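Just one chain is shown here, as structure tokens, and it is the form predicted alone.
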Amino acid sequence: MVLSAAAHDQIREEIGHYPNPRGALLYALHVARDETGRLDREIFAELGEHFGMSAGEVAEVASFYSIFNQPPAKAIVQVCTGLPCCLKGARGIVREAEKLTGAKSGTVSADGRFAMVEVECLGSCGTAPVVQINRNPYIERVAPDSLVTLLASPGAAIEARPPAPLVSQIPDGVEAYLLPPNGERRLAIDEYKRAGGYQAVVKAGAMEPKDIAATVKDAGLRGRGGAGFATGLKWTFMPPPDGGPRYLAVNCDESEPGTFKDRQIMERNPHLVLEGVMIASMAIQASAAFMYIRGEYVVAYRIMREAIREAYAVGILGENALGFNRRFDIHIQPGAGAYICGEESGMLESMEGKKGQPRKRPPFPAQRGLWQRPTTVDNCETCAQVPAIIMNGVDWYKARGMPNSFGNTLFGISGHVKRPGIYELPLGVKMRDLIYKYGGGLEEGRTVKAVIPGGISMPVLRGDQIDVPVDHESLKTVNTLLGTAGAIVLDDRACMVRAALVIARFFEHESCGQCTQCREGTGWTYRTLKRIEAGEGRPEDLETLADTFNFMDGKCICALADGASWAARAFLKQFRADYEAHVSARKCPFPESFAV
């Protein structure tokens, strides 16, 4: 036996939370890798005994997830090279780390002590550049000279625990209901109750499920995961109860560069998320809820797991759950590094212990979701919005925000601003205010060249378009979308071909490969942009790119190819002169731009 008896006990306990044992497979793979530092055939066979799977079947699942495929070493140095981190000097961090560890990116040092890995996003865009050692808390705002101490030895790297900076805040004059005030963290259940917590679930428990859904629908809450669909309406899609189980699946897998809001709620106000999950579950008459948190979010995972444990300990969850008058359970599942698992059906596949490849639809999750049972999928922040609506009412909620874009949201801002972070604000704040009033503006003498408004898949805006309100409807007037409300700002030094290249690399890496248009289209886009950026582009490449986007958009099972094409098409349209300058000069004409 390779794994310890304690590890097997952990896995058996986790299996007990799921209607099918495979729901615990990703958890088990994390336990095995954390304990042994490796995943191989011997471990796959040992794990397979818990799940009725062969070693090959376990290996097939593990092969899909980037965290399970990192090179083995005592200390794995993961450097985020997503766009926000690139804008803050990630390439210099990679070069310095390679020099200090003796390992090139993607390899292990000759002495086996360090592995170097470039990762696409760590979900800490406001504290870029970011490094993660093994599955430890992030090392944020990393400076190249700090790496000398950090990477002095594997032990030093593993033990490093620099204080995490406060990233999220409530601006003066804003009536907040998502974040605790004054930088507080309401981690303990008593702290949350003293602030009025768990009163909304009691109020909801006295309502009929259809009335809960109607209240949220009338309030105009739109999902905060990117699509902006009406939440209360989505809840009504669930079929009538048939005596069998029904589930709520909570998407906490934010993995798109520029997006780091859900982490802030989970790490600062975890019981708000749980209360929202409970009320949403009442509305759809769910028997249990399962929360899926991205694998890199080790601190958020631990905090949410402890909050759930505490809720069971005081009887809020369990046999006679608060407001339910019946049993209700919430369980938490870790992801393992796959952006595609943020897509709802890809997440459901992963939650069932499979490769996270999106499902063909129909059937939709409300008909056949988790374990082939009716399931509603809601975003983490979406759930956190619900208690305030139930407690304060429809009119109170609709007094915040804009028509058809009601309420506060957590706006992210990263890139070339002085105060990157998360700001709780009403929808409809001007992009200019988000950049200059809240984000602190740019370096002296610099101007805004581009802004991506809501995660890298949203079409980019030019610097002369930043007087637009940031909400669902207003952004459509300038041919973009709110997405996850995570804005990335690029100043006048930035090369737009390089920005598009970094984004294309992300989508090429994260495509699950299931659809030809996505698999080939993302790869072709990345390779073509790489050639243009290197000074080897041809005039006809620009038309070929446009054709590639048409080949991808709307042709696949999920929206990953759509997002990849929207992003690349918008950069080419908005900043075509940058592309033409690369082709004509046969080099990058922006010598001060960030490095790739």
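Since the structure is predicted, the reported quantities are computational estimates derived from the model, not experimental observations. Start at 1 and count along the sequence shown; that's the residue number.
The same protein also exists as the form predicted in complex with a small molecule; that form is not shown, yet it is the one meant from here on.
- Residue in contact with the small molecule in the predicted complex (any heavy atom within 4.5 Å), chosen from Arg498, His271, His416, Arg224: Arg224.
- This chain lacks the partner; the member of Tyr339, Tyr397, Phe290, Phe411 within 4.5 angstroms of the small molecule in the predicted complex by a non-hydrogen atom is Tyr339.
- Taking the partner from elsewhere, Lys449 is found to have every heavy atom lying beyond 4.5 Å of the small molecule in the predicted complex.
- Within 4.5 Å of any heavy atom of the small molecule in the predicted complex lies no heavy atom of Glu275.
- The closest non-hydrogen atom of Leu560 lies within 4.5 Å of the small molecule in the predicted complex.
- When the small molecule is considered in the predicted complex, Thr382 lines it closely, a heavy atom lying within 4.5 Å.
- With the small molecule left out of view, the stretch that reaches within 4.5 Å of it through heavy atoms in the predicted complex is, among 468 to 476, 279 to 287, 250 to 258, 173 to 181, 250 to 258.
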